[in-house]
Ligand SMILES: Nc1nc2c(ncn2[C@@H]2O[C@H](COP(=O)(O)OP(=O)(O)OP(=O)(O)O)[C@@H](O)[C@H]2O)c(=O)[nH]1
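The chain that follows stands alone, in the form predicted alone, written as structure tokens.
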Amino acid sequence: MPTDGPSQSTTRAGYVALVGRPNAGKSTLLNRFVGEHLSIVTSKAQTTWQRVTGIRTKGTDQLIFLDTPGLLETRDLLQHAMLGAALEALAEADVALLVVDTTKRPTQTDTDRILAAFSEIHRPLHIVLNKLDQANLSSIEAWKSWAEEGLSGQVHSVSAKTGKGVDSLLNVICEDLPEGPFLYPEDDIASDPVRFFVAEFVREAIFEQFHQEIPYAVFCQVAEFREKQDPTYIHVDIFVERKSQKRIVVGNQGSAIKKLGSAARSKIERFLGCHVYLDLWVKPLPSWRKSPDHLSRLGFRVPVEGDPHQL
């Protein structure tokens, strides 16, 4: 339920969508804004599959950041759902941030996909040229030139990884927030349930440990969470598409899943601040990425014909 927030002066609160092509650094930027590792970050592209909400209360301003899946070319129903989640967040937001990866020059595919997503957006827009710590000047200038010609928004240069330029960007975003009461308590940093983040940390560990098809064929869901015992017992189901994938995730005599459990448990304990007994179960769920029923069961909003949140 919304809170009244501070009463000493006018408050501002609003939703800020972080949108862009895959691997632009949206999740790293969200984590930098909030000051907490909420959204999973790996070296692989397309790790964000669902909207992740992070909250930053700064004086009389409250920003609710929406990290979104990348604006990608869809190949299956899961990717359609991911794209829909990004476009839905963009449509609902009070302020839009277009995050771009300046380590590579803009391509026609990049710019076409971005322009299609932002064509009907009529709200404050900030174009965030990210990864300054890694990009060369010519690539940065190419993106800046394109943004100034193709979009009507302020252009900012930042490094989400090092934090350079992020505080200045945050101050400018605050000026675009609508006046109104805080939507969440001042000390909240996220609105998603703890179970969501626990499952995401297991999935992050999978992305770090496995390669090729495995990370993209796996989804995690918390089946049981007993916090009134020490250590906290957490049962997570790891869904794969084929039995052969289950054998890889489990490994020879359970070696791979033991390594996975250790890595994921460390992430979860750091987030929860308590000892955890992590119980991982690997279950085949055939072709779950293409099944409307399976995707709905796993918490995805399945797109339907005529869905406005599709390109």
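All values derive from a computational prediction rather than experimental measurement. We number the residues from 1 along the sequence you see.
Note that the form predicted in complex with this ligand isn't included here; everything after this is about it.
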| item | value |
| --- | --- |
| Non-hydrogen atom within 4.5 Å of this ligand in the model of the complex for each of T48, Q134 and S159 | yes |
| L285, heavy atom within 4.5 angstroms of this ligand in the model of the complex | no |
| T42: touches this ligand in the model of the complex, heavy atom cutoff 4.5 angstroms | yes |
| This ligand contact at G14 in the model of the complex, heavy atom, 4.5 Å | no |
| Proximity of G70 to this ligand in the model of the complex, heavy atoms at 4.5 Å | yes |
| Proximity to this ligand in the model of the complex (heavy atom, within 4.5 Å), stretch among 245-253, 26-34, 265-273, 52-60 | 26-34 |
